[in-house]
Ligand SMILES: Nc1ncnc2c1ncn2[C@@H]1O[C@H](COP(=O)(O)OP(=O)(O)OP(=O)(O)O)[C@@H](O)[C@H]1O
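For reference, the chain that follows is the form predicted alone, supplied as structure tokens.
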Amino acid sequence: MRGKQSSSNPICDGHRDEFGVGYAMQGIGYAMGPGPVLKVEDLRVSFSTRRGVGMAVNGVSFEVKKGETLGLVGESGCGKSTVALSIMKLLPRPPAKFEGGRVLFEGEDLMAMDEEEVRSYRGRHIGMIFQDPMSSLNPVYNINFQVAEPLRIHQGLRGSALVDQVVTLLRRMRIPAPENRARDYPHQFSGGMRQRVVGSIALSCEPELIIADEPTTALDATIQAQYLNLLRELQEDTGVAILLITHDFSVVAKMCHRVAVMYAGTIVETAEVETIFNNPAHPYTQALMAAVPDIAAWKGHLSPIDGSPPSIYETHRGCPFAPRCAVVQDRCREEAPPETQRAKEHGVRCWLHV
């Protein structure tokens, strides 16, 4: 368990927020496994459209250990959701095309498997919580049918055993009166309750990994805090690994053990969450942290990042962040920086640290 860390950033100063949810820096009860559950190596994915071929994911590498939450952060359009969908092989092909790399789940390369083999992993070994529960739940089927589906397919449950397991899962996600609510349809649930149903589906077969793609975007602050607290409790109970995609650094502080920062289809920095908040190395990470509003020290203005992320159809000779970087050098515009290990769990792609 981690000890309390000090920080000048109010997001991660070891305090509890107004909803009573402790931050990650205060200590999370988890036991990481010795090896990664998921290991992504040099993943490259392109899209072919009328505009041409765009490289949406360009050489992404990271790993997630048992009992760990890895946060994948970055601006919209940087490739976070594309990475998540690529792991599950859910991208439509075409226009998507797998250009290279490996996705190793407990040593097995998912990218080398055919559709039938990968389907046996979805839901059973890898669960996914999508961003919008209203679009990920089918409006014409009741909750019982949708939560029961992976149990029927992967565990062969039928009859009363299946009904009992659905009720148990809904109760585990703190849905009141699950025996009755299981007969309801998605439109009869609130946004927070729908997201809990999606969580029940993702956890139904006790997967080793959950991919959560901005799971709290549609939730208000109170429900978000409750939902994150519930996910963390489930992780402590089961040791499930979580790949958490989010824009919200308060969610990162509450949930994550390590953070991978993405920009223009590549990971520019990976480090433990305390390092990202207290001592970020890449100029892009520093700019992201500076853009987080500090209510306690409000100066009347925000600190935006000038410019916009590059299009996936643009080619880069050097560092993709160079046009927006405040400390850019001539070399940055000509050569892409290699990854440099600043510490055991801290890698950064920037010429300032080579």
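Since the structure is predicted, the reported quantities are computational estimates derived from the model, not experimental observations. Heads up: residue numbers just count along the shown sequence, starting at 1.
Another form, the form predicted together with this ligand, is not on view; read the next lines as being about it.
J.: Please identify, from 47 to 55, 284 to 292, 319 to 327, 61 to 69, the stretch that has a heavy atom within 4.5 Å of this ligand in the model of the complex.
T.: Looking at the other structure, the answer is 47 to 55.
J.: Though only this chain appears here, would E75 touch this ligand in the model of the complex if you measure heavy atom gaps against 4.5 Å?
T.: Looking in the model of the complex, residue contacts with this ligand include E75, since a heavy atom lies within 4.5 Å.
J.: Is it the case that K80, even though its partner is missing from this view, gets within 4.5 Å of this ligand in the model of the complex, heavy atoms only?
T.: It does: once this ligand is placed as it appears in the model of the complex, K80 has a heavy atom within 4.5 Å of it.
J.: Applying a 4.5 Å heavy atom distance criterion, does H247 contact this ligand in the model of the complex?
T.: Yes, contact at 4.5 Å.
J.: With a 4.5 Å heavy atom cut-off, would you call I312 a contact of this ligand in the model of the complex?
T.: Yes, I312 is a contact residue.
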